[in-house]
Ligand SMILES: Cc1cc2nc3c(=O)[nH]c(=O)nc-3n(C[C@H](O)[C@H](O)[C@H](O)COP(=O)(O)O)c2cc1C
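Quick heads-up: it's one chain on its own, the form predicted alone, in structure tokens.
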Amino acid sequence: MWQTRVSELLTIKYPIIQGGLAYLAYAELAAAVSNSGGLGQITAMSLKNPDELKKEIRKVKQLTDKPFGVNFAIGQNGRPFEHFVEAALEEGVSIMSVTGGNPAGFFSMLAGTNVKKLVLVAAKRQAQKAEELGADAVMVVGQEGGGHLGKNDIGTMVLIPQVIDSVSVPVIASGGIGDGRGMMAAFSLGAEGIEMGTRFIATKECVHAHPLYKKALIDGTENDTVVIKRSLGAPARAISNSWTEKLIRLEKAGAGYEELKEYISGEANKKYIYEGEPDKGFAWAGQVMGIIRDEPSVDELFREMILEAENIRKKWAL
């Protein structure tokens, strides 16, 4: 009933993909998503070295026999990604996704393999380029999403149809999706799968996220996010707090990267999401936090989403 080109490409039951989630997407969450019928992912570039990635991949394999992927945020802190890709290949990973940069070099390392390649994009031209380079599918994020976004502030409802009309590979919708209604909305636009990030943080298996971070997602509204890093040409959506307010003030005052780097560092991110200290750091979140009201298990979340989506299908008589 839920088979699309995306589910067939990835050999998964439901075309639901868990986002890369810097510093949070590890074995427990990835395995839970895959066991529930979706595609879980590990975040590679948040790990210290390739050996750590190998350990995490092996841990996922102990927790699930279902397909899973590894996400590479190749723009993250400018770190070389090549050795991490080699580690994933050595461990037999068959699905890889790339975010945050030109995927050409990443794809060249996968030439001659059967690895399925997904690319996160935030604009029509980026999607076209990804297809030209050999992407098997594109994940398209609208401005509602959490973390890094496109520069043009185009919403998911407008962006998804534009991309679908411009590429032939399957399109996976991202940004503002957190339940069965959002999934069906994406399908009605022509998407063949969805990616969710923020919603998966507020689940029991996202064990690395501090309880105060999850509480902020559950208690907050869509008005409790803000876009930072605009002045650096890399806009990204985070929870609004005193830290992001100060950062934005600095940006408006013309501060350059050197003045801003401590405010946007991985360490500042971890201060909030790991240690629960919002006054000392920041946390990524999309506007979808406005519809997050609980912390279910991943399996419970999937069952709720599919039931809701099936009820919508019945109303549509599909």
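All residue numbers refer to positions in the sequence shown, first residue = 1. Because the structure is predicted, anything quoted here is derived from the model rather than measured.
Only in words, not in the display: the form predicted in complex with the ligand, which the text now covers.
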I'd like to check something about Thr225: if you look in the predicted bound form, is any of its heavy atoms closer than or equal to 4.5 Å to a heavy atom of the ligand?
no
Is the gap between Gly193 and the ligand in the predicted bound form 4.5 Å or less for some heavy atom pair?
no
Contact with the ligand in the predicted bound form for Leu24, defined as at least one heavy atom pair within 4.5 Å: yes or no?
yes
Closest heavy atom of Thr198 to the ligand in the predicted bound form, within 4.5 Å or not?
yes
Looking at heavy atoms inside 4.5 Å, which stretch does the ligand contact in the predicted bound form, given the options 84-92, 129-137, 142-150, 239-247?
142-150
Taking Gly20, Ser174 and Gly286 as a possible spot, do all three reach the ligand in the predicted bound form with a heavy atom inside 4.5 Å?
yes
Contact assignment for the ligand in the predicted bound form, among Ala73, Ile160, Ala122, Ala209, heavy atom within 4.5 Å:
Ala73
Residues within stretch 87-117 having a non-hydrogen atom within 4.5 Å of the ligand in the predicted bound form
Thr99
